[in-house]
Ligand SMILES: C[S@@+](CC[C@H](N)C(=O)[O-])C[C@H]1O[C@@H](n2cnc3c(N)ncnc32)[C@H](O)[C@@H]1O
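Okay, so here's just one chain, in structure tokens, the form predicted alone.
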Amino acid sequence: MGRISCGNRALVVVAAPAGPYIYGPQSLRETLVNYQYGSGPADVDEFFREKKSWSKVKDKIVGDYINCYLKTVPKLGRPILIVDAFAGPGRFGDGTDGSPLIICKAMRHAANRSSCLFADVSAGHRAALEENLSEYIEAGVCDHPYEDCERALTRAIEMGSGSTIFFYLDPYGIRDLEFDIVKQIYEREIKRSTEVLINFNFRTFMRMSGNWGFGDSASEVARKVKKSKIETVNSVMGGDYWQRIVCDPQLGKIEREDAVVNAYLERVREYFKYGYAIPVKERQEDEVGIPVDELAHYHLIFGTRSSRAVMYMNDVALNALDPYLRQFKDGLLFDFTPQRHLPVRRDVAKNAIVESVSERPLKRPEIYEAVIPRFFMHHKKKDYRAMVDELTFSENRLFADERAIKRRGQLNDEVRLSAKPWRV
């Protein structure tokens, strides 16, 4: 098998010696590394000094979903592999966990045949990662960190031919996300469970595609795009379609962001049945007046072939974004939630529920898996459960198989629901 190239990094970091030990839950030893921060070759990038609020949102999504993932995929009966190809040092300077520790701690409760691979191009990051993950390396949960994503992804594809694999790609920019490289993950054999979560940074995309601003005219954007690293951006986006979008004078800044991300998603959906973008946003606590919807700090691109995975990620994403969305209505006279974040109306969702059982009766979990992929990040599973109850007991649009009901007037996940009355 050929090697996978992930591009080069400009960040060079050397970690300082490990600092004092601190003790956390379950008496697990955790090492807090005293990094030296700066821009020199012996410094750690300022990004890792402390975990910013938007990184907390991103890591909450990653951690919560990994927990769901590890409770579900063991049922497939195959080895489980999680790959974090841009791992960083493993812990921030303020002592908070980075994605490698979040993943390894989740692995504690996973099946015995679960393992993970980590990589980072920085020698300093790898040294810190080695220390921060020492107990997990010793326990066989993960290997020693790989020198770059090239080696980690190549190793994952080689050793994971019969495994279910979750790839988490969170690079420092977008240049390391060449589409032809990522596509090799997408093209894994369809019968093997493959999921991917990619951090796509639209603001970095703006800089690389010409450092244009939203105040620029369409002609000015086009001029800057011509001077940008077009071929690099084309390789990341998997084509030049993005150029027509960013130069469209009819699009405002939010519309342009949505159009670029959605166009990229269409490429992802060529390989995955389900592909979604999860905006990583944070609440502005110090904002005065009516809050304004802004660009996302990141978009997490989620690709999967499993409707059940979509159901889990739906709730994980909504829970993480909830604080941001609440600011548009909490304490305000009116609901100022931006149109792009408004959920589909309940009557539309209910019609979809009834439609889902029109061909054959379904149990509640099957209804969720049929409806939620159509309305990703609109309503939580508990909301659909309430709708099913209303459709059954109040509106008489769903009909339950009474033989499976254990308590009168209460549904359970074993009750089949139909759009027509049951014949006794």
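Just so it is clear, the structure is predicted and the values come from calculations on it, not from any experiment. All residue numbers are counted from 1 along the displayed sequence.
Quick note: we don't show the form predicted together with this ligand, though the next part is all about it.
**Q** Would you check whether this ligand, in the model of the complex, lies within 4.5 angstroms of a non-hydrogen atom from each of Asp59, Ser122 and Tyr168?
**A** So, yes: the whole triplet contacts this ligand.
**Q** Hey, in the model of the complex, does Asp176 get a heavy atom within 4.5 angstroms of this ligand?
**A** Yes, Asp176 is a contact residue.
**Q** Would Phe302 show up as a contact with this ligand in the model of the complex if we use heavy atoms at 4.5 Å?
**A** Because no heavy atom of Phe302 falls inside 4.5 Å of this ligand in the model of the complex, the answer is no.
**Q** So in the model of the complex, is this ligand close enough to Ala85 to count as touching (4.5 Å, heavy atoms)?
**A** Yes.
**Q** Answer with yes or no whether Ala128 is in contact with this ligand in the model of the complex, where contact means some heavy atom within 4.5 Å.
**A** Outside the cut-off, so no.
**Q** This ligand isn't shown here, but in the model of the complex which of Gly210, Pro279, Gly98, Pro145 has a heavy atom within 4.5 Å of it?
**A** It is Gly98 that has a heavy atom within 4.5 Å of the partner.
**Q** Just give me the single entry in Phe375, Phe47, Phe393, Trp54 that has a non-hydrogen atom within 4.5 angstroms of this ligand in the model of the complex.
**A** Exactly one listed residue reaches within 4.5 Å, namely Phe47.
**Q** Choose one stretch from 307-315, 337-345, 87-95, 251-259: the one whose residues place a heavy atom within 4.5 angstroms of this ligand in the model of the complex.
**A** Among the listed stretches, the partner-contacting one is 87-95.
**Q** Residue by residue through 321-344, tell me which have a non-hydrogen atom within 4.5 angstroms of this ligand in the model of the complex.
**A** Going through 321-344 in order - heavy atoms within 4.5 Å of this ligand in the model of the complex - there are no hits.
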